[in-house]
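Next up: a single chain in structure tokens, the form predicted on its own.
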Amino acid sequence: MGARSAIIIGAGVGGLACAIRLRLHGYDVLVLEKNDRVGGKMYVHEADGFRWDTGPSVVTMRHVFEAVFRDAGRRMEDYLTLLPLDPLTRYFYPDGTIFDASPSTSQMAANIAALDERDVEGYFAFLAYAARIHRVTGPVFIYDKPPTPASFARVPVTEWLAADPFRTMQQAINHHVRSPYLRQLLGRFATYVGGSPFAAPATLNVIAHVELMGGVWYPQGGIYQIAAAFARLARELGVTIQTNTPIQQIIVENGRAAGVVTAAGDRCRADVIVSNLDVTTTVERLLPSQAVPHRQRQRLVNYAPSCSGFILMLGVKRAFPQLAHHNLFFSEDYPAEFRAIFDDLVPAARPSVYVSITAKTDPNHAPPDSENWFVLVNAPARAPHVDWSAQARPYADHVLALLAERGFDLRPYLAHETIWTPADLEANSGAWRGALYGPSANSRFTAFLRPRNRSRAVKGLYFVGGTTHPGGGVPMVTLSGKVAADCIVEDQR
């Protein structure tokens, strides 16, 4: 009997991580990617001497990436250099206050004391609280297969209550710290999963633990180096990666995934199929209509999505030494910003503006005395009443004006500008409605309702990526590759 075979649709980070794991288990693995290079949402844009990472910009949980290489008998350092950043992020508040989040506990304590001395002990109490959530939820919601009644039964009820599922993130934050600056900073972590701190469950304060205690890392050369390193390792192990190969359909025979049909009409067969696309996109566009029950399909199509993003990639012919690698300009009315995005489903009038400048760490990402600004504003997932083809230019001008208000008028220095809207994100990556993280995190049940890594309707079909377990973000997507591979190996025994 020959080796079992797997086809992975999409060479995003999750797909590549899954390919590596399956190859280590002896599978023949073929990865088919529609774009001209691997990476999925982790992509690169280059123009006029500038370079931008177009997808994820913040990397945490270094140990997750180390494990991929270690399990393959390699050293991550031979493929990828992760540099620690300090400050983690520089925060700019509307009244002119500037705050650096530091990986040094002593420096962080000093910075917090400058805001409100009483919050030093409150902040460290919050970190202990967030660490407890990580200890309780990690084994079930992060590092293992999707939760089941059996996995819950192994954890005492008192432990689950310690995970704080009944308050919102902001309610728990406000309980620990007093400073409005620190409250807004800690609430910001809801956006890492596309949610609102005023609606997402307090359990998600675990994200603060991951970043503030584990640090923020930057892959030398750019975030895209993670995808490049995974692809290099996969190829060395014997994985076949084929780019410029969009998929037209997943072949289903007798209720089981049996292969794929490419856009060119080629039919490729395999024992298992793994989709690294958005789960809803996979079901709606790649599976035969009769393969998934109507009720299950409608549930996927109609879920409340996470937020999307409005992106500007700006080539700026000037350097701004007062900025760090990661920067966030907070809005003056944080609740109003999230009401616009999640309740009114419109772009916020006064949004917070995130700016990543990789040239601060990699000077060759911009010409001399210039900077590559990656500007991200949280935006609602694509909705029929928002015509981004008409609103893109005015909203870009509005964001530039907001930055000018804060003392950073880029308009006289722009050498390049690229605009991406939620509609572009949907077209480029296949993200359903352009939602960056799949289902909305603004419910205490999101972790339970998130699509599983095994398809419930089609045997032999599996999912990886930010819209399946354990969730969005580069480390989580990498873990999804391991989870899916473990499910496949378990099912094929």
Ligand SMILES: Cc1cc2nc3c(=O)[nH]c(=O)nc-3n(C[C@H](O)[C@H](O)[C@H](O)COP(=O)(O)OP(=O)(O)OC[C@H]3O[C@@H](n4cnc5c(N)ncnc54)[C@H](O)[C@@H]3O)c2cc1C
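Because the structure is a prediction, the values reported are computed rather than measured. Quick note: we count residues from 1 along the sequence shown, nothing fancier.
Unshown form predicted in complex with this ligand; subsequent notes refer to it.
- Taking the partner from the other structure, this ligand in the model of the complex has a heavy atom within 4.5 Å of a heavy atom of L376.
- By the criterion of a heavy atom within 4.5 Å, K41 is counted among the residues contacting this ligand in the model of the complex.
- This ligand is not shown here, but in the model of the complex it comes within 4.5 Å of a heavy atom of Y437.
- Using a 4.5 angstroms threshold between heavy atoms, P470 stays clear of this ligand in the model of the complex.
- Proximity to this ligand in the model of the complex, defined as a heavy atom within 4.5 Å, holds among N276, N205, S306, N372 only for N276.
- Segments offered: 409 to 417, 239 to 247, 82 to 90, 170 to 178. Contacting this ligand in the model of the complex at heavy atom distances within 4.5 Å is 239 to 247.
- In the model of the complex, this ligand lies within 4.5 angstroms of at least one heavy atom of each of the following residues of 456 to 493: G465, G466, G472, G473, V474, P475, V477, in sequence order.
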